[in-house]
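Heads up, the chain below is alone and in the form predicted alone; it's given as structure tokens.
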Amino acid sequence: MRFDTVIIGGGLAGLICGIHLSKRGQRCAIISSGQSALHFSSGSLDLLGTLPNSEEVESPVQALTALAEQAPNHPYARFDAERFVTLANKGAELLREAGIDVIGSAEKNHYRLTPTGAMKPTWLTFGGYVHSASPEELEWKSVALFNAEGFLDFYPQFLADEMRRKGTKCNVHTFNLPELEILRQNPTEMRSANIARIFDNEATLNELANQIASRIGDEQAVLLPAFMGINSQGNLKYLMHKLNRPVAVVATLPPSVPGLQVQTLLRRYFQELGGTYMLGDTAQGYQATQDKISALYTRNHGDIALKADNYVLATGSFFSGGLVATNTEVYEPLFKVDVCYDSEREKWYDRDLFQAQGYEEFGIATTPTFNAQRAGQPIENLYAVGAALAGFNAVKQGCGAGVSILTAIEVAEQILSKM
């Protein structure tokens, strides 16, 4: 099979890269083994929330100079401010084209409400999720917070306590529905993704609206867990119309409905653009000639080669198997390209769980144009993007989604520039 570009990894970075290339007429294939880190998204996409020295970032653009000084190997250190903003804007535009409603700007972080009630700086928040321009207050002075009986991946009391500290009175309620009783017969079914499906039924949604209407007083807004249907935007608008007041959702613990929605919408958009998405497949081998990859082999296609002009590694880090660690080394399992990691095992981690862990910055070594390398020599048509890259701590620095989106678009444009 012949393609212009083959992308290994079907998460955020792989899909963004594939969409950007497909929009420009490239014939692309994405090989996806299954679940990606997107499924654990909590309602927002981060660009840069904290510098390595733990200083909170107000403006990701203005923090670039300090970031490059403190973390010179960070992927963002390869971009000047103008390029950084351009890539971020293209990423936000692409998400909206795919049908993902997001608010936010690379110029200034805003704050979104986390599942535990904290206000976390972020770049883009999905439409309908509670957010604020300030970490100190919400836009409402009184809210009614509703949770489904038996749903354990949500902590109303934590949320209520934190909102009260920010000057918002929060009255907590629970609700029940016949459809929930069916799910509750098996505790493993009471997960957000399963609950979400029952609210794609208008009768169920209407019953919920009636229950809420009978129990709220003069609260300015209604808040619900983020399980309001796979088509949650339409359902929230319906509830707002029925209740005649704002209705917003708060992220739950993963697996998350917003992550599933984003994955679904991006994959659909990629396929609408003509892309081939090979779900449930795994890259297992390759052929190379000199400094180029000439063919790729997957588990499902056996000896049928996937041939392309360019290949992109979007396989993620340890979580998704893009990197593998033994007691003595860290390696990339498919192409065996160079990986940056500390040779001293004791520096891989800190015994304090809440400190930055050394292994989180391990990743594939690349050239300034994100070409992967082997024995220090660049591979001309093999690139690496997203969580697979070295030099950043996605958790502590709040930059995982941003690195995935910006490097995916940058690599796509590197590939397009060769046409």
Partner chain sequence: MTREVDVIIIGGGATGAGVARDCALRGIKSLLIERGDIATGATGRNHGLLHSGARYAVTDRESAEECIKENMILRRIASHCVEQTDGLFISLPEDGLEFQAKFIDSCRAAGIRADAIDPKEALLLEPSANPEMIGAVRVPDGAVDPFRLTTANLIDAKLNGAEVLTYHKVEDFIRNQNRIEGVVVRDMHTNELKELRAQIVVNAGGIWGHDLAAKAGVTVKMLPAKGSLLIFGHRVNNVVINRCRKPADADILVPGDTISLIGTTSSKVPFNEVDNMYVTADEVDLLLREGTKLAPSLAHTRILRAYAGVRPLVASDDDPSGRSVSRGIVLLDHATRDGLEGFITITGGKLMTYRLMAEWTTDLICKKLNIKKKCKTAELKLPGSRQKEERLSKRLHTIPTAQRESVINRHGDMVERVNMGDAAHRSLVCECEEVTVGEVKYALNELDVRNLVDLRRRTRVGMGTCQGELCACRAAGIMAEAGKYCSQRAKQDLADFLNERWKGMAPVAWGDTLRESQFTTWLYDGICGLKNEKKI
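Numbering follows the first chain given and starts at 1. Given the structure is predicted, the values throughout are model-derived calculations rather than measurements.
The following text describes the form predicted together with its partner chain, which does not appear among the structures shown.
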Checking 58, 69, 350, 55 against its partner chain in the predicted bound form, the residue with a non-hydrogen atom inside 4.5 angstroms turns out to be 350
The one residue among 268, 345, 141, 96 placing a heavy atom within 4.5 Å of its partner chain in the predicted bound form is 345
Given 247-255, 200-208, 84-92, 218-226, the stretch touching its partner chain in the predicted bound form at heavy atoms within 4.5 Å is 247-255
Contact at 101, 263 and 370 by its partner chain in the predicted bound form, all three, heavy atom at most 4.5 Å:
no
Problem set entry | Residue contact check: residue 289 to its partner chain in the predicted bound form, 4.5 Å heavy atom | no
Margin query: Considering non-hydrogen atoms and a 4.5 Å limit, does its partner chain approach residue 155 in the predicted bound form?
Written below: yes
message: How about residue 137 - does it come within 4.5 Å of its partner chain in the predicted bound form, if we only consider non-hydrogen atoms?
response: no
Please run the contact check for residue 325 against its partner chain in the predicted bound form: heavy atoms, 4.5 angstroms, yes or no? yes
Near its partner chain in the predicted bound form, with a heavy atom at 4.5 Å or closer, the residues from 110-128 are 112, 114, 115, 116, 118, 120
